[in-house]
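Read on for two forms of one protein chain; each stands alone as structure tokens, with the labels structure 1 and structure 2.
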Structure 1
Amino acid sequence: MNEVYVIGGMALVTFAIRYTMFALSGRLQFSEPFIKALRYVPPAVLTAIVVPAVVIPTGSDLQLSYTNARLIAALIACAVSWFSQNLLLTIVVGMMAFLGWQWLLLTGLV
């Protein structure tokens, strides 16, 4: 029963924070540098989430070797993204690279 209270409390806090910003968005004037800075928030948050999962896949040790399939797939996905500028192609190639490299590692071919 405590979990229900915790989840309900988190939902209320999340809704209050977001609703407050939406309710005030038409009434507040933000400066141009602040608006420019807000554009960097999504890439910064995504990087903070993805990079630890790629370079620390076990959660304890930094793995920067070719045996880290996530790292190899991330590097390939970065290259595909850089040259193609296509999100869907980047995701598909990144997943295929991850699965392929992991298969090569498991079969001992790499």
Structure 2
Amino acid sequence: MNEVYVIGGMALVTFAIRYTMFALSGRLQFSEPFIKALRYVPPAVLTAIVVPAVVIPTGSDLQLSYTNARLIAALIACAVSWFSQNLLLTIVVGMMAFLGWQWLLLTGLV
């Protein structure tokens, strides 16, 4: 029964957040500065999700060291993305770098 409340509640709040603005959109009129500000939404939100996930991998403490495979792979992914501007390549190289570095750490080669 608990499960029904959890899932039902999660579905309800998620949908409410996503849909409310769409539902009101016929009546909403945004100002020019506000629309300009919206352009900063994607990089702001995405960076705020990624940075802690990369440098606080266990969710408890900051790991700024070569033993953090996520950090090494993230730096490589940044470089690949910057030079190639290719999303698929960035994902594939980034994941390979992550799994490869993790393996090197496990085997004690680095």
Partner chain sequence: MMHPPSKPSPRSEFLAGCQATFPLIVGAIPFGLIFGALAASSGLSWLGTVAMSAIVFAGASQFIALGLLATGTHWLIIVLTTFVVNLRHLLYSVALVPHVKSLPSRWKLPLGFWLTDETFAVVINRYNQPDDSPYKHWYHLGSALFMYSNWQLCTWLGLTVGRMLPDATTWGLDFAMSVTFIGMVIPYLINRPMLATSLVAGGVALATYSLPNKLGLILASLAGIGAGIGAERWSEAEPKRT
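The structure presented is a predicted model; accordingly, all values stated were derived computationally and were not measured. When a residue number appears, read it as a position in the sequence of structure 1, where counting begins at 1. Under this definition, the rigid core comprises the largest set of C-alpha atoms superposing within 1.5 Å between the forms.
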{"query": "Between structure 1 and structure 2, the form predicted in complex with the partner chain", "finding": "2"}
{"query": "Threshold 2 Å Cα movement between the two structures for V13, core superposed", "finding": "yes"}
